[in-house]
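Next comes just one chain, in structure tokens: the form predicted on its own.
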Amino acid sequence: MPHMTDERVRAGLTHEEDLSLLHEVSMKTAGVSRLEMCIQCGTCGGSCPAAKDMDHTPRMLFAMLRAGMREEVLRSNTQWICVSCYHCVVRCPQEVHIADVMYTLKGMAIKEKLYEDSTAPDFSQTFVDMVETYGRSFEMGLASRHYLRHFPLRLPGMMPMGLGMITKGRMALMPKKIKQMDQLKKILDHAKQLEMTS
């Protein structure tokens, strides 16, 4: 059995090594994840500005992947707390594409409905809906839908900032579709077909 550090004990990491989950996540990650190259040095967690709010550091999450702890990994808040700043990727001595792996874990958690709080998955889905409809994010619609669904009492407090952004031309009141939306739709449809076959 691996050496039981306090962090391993807190994560319940007593499992034998089972690399099937690690390989699955690596294969589902766009490009080359280099996930199997992780040497458990902890540079990622030490570099992460949001690590204090994560229930597991990225290093611990990768150890849990290596142990085949599917449900524990997908229920973790780590991938949802990740702000995609790529600081960990830049500093990783093994060049593991950590932020890309976090996107994969988010997608897997959504697909398997293994998350504790639906706020982040709902926000993610609203963003995707906007891109599929308009070809870009529509901030007014995104914020309105998100706050109405999850934080309705905070919405009035957001109005002064929203009005300021609108009057300064920083946010549009109405959505605009991109040109050649049909081409984007073909790309997105092809990506969905590829996802179904993987």
Partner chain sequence: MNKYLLYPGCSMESSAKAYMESMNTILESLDLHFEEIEDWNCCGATEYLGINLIPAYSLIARNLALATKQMHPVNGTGGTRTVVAPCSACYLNLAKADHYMNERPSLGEKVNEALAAGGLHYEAGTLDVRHLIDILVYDVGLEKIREAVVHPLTGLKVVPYMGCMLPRPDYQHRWSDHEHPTELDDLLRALGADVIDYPLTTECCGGHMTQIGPETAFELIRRLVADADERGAQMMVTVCPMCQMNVDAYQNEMNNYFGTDYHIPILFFTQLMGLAFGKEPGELGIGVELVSSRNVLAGIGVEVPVTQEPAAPRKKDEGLPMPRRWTKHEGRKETVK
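Each form is matched to the other, and the largest set of C-alpha atoms that superpose within 1.5 Å is called the rigid core. Positions refer to the first chain, counted from 1. All of these numbers come straight from a predicted model, not from anything done at the bench.
Beyond the structure shown, there is the form predicted in complex with its partner chain, which is absent from this document and is the topic of what follows.
Residue 136 belongs to the set of residues with a heavy atom inside 4.5 Å of its partner chain in the predicted bound form. Contact check for residue 20: every heavy atom lies farther than 4.5 Å from its partner chain in the predicted bound form. Contact check for residue 132: a heavy atom falls within 4.5 Å of its partner chain in the predicted bound form. Residue contact with its partner chain in the predicted bound form: residue 36 places no heavy atom within 4.5 Å of it. Contact annotation for 92 to 129: residues with any non-hydrogen atom within 4.5 angstroms of its partner chain in the predicted bound form are 97, 100, 103, 106, 107, 110, 111, 119, 120, 123, 124, 125, 127, 128, listed in sequence order. Core-superposed comparison between this form and the one not shown: CA of residue 176 displaced by less than 2 Å.
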